[in-house]
Ligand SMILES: Nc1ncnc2c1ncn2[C@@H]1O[C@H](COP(=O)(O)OP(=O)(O)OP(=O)(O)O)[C@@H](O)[C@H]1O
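One chain comes next, on its own, written as structure tokens: the form predicted alone.
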Amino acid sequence: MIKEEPPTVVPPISDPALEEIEIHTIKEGYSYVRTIYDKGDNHYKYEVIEPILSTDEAEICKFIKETLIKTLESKAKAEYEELMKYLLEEIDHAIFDHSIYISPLSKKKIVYYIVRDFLGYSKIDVLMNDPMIEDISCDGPGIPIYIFHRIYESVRTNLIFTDDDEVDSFVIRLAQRCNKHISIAEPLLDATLPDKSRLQASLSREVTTRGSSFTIRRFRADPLTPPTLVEYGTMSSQMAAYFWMMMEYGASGIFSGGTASGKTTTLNAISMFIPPQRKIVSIEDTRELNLPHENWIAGLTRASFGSETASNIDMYKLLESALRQRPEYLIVGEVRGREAFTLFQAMATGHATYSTLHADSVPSAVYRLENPPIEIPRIMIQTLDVMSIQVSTKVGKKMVRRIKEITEITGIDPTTGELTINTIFKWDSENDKFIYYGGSKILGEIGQKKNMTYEQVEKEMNQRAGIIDWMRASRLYNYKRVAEMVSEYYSYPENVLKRAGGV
């Protein structure tokens, strides 16, 4: 029996200056990605490998695409499987109706590209299906697309948009997939793709002089969990247990850090500690949070339609509306302006509130909160319980994310008027370890509520740290499984402790 030739054959590397590090399958027989190390410039390169079309195959593929554009019916609400079936049928009709003869192998290649371009993400479809990629960045035509890889960090790919027309039309198509509009009149777009990835795009050379650009921050269908963050070294199990106590008893917190420091990822992960029956309302500009809770209202801002400013739904309006929904937990994606005042009012009235903020230290976070455009009075900032500072930094040769410190706001000094703070955890960058200082105001207040001594509360926290270590050792990382374990602990702690070996 003759073995059928696959549509894509991975070519060998002939240049001695290039070393193949690893190769992964994206779609068996069709698409692969290969990581290469270039010994000449000492950089990693990311190579996308797809079927190679001959001149005749490329012409047939182009003709069928143009035919389908004229004949395909709109099926906006159809599921992917239905769309795939419909598209494959229409491809067969186009081939039959125009008496096109192609070999089975050529047909496989052509169908791959038509499906990729009509139902997928065209040139970047392979990147969008590689789970190791966090960010995809195109800076303009003629410039290689760059990715941020979970292992190799910022890496250049072999993908390039050749000219302005190609990248312009692609950016417009991305906007359409988000049900948004981008044009020369409104050349900037911040939106959410169907798979929940975050898109920021600019059109033409109006605001970006090198041409249209876009950045896609990938959305994880299976979000990171506290055991995963402990495994990555972002926090210690004891810090995760502290957040667990903080979330259960409704202490409010802000998660600060620079761009791509992982603050939203951390907030999403520790939100799994919110008791399962509590009502949660979240408010975001672009959808990034993904919680396992059923009793959760996920609010999303909406831009105005043209000049109709009345149709604009910003974070401030959503927050005002949220407070009428009697939430027990309120999560705001990021505070930037007037919505922060309402958020702090919610804190002052006893709501458990959480948000992120762009600031790399406690003093800079307080400065941002007190000054325009946020302008929160210092007397209100003291209602905040906890501030977590996260950084993206290098440990050895590797870029990592670490929670630099967890600090509690304990009040205001009556003499100086300065905020008084108490650092509970701190990251020792020299040894890449986390130091626990103790003396937590939050743990003390929990003890008062539960009629427990501070030592008993601290023992409870360490017990939960043991459970997180057990989940990590058991490779229990899936967010639904972690949420189930947390939920079971709230109802039957002895069962979880028994399973974890009596930690």
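The shown structure was predicted, so the numbers you read here are calculated from the model rather than taken from an experiment. Sequential numbering from 1, following the sequence displayed.
Keep in mind that the form predicted in complex with the ligand is not shown, yet the notes after this line are about it.
Contact with the ligand in the model of the complex, judged as any non-hydrogen atom within 4.5 angstroms, is confined among 404-412, 137-145, 220-228, 346-354 to 220-228. For the options Thr234, Thr342, Ser252, Ser271, the residue carrying a heavy atom within 4.5 angstroms of the ligand in the model of the complex is Thr234. Interface residue among Lys317, Lys123, Arg198, His149, judged by heavy atoms within 4.5 Å of the ligand in the model of the complex: Arg198. Remark: Gly262 counts among the residues lining the ligand in the model of the complex, judged by a heavy atom distance of 4.5 Å or less.
By the criterion of a heavy atom within 4.5 Å, Glu288 is counted among the residues contacting the ligand in the model of the complex. In the model of the complex, at least one heavy atom of Glu334 sits within 4.5 Å of the ligand. Though the partner is left out of this view, Pro292 does not reach within 4.5 Å of the ligand in the model of the complex, counting heavy atoms only.
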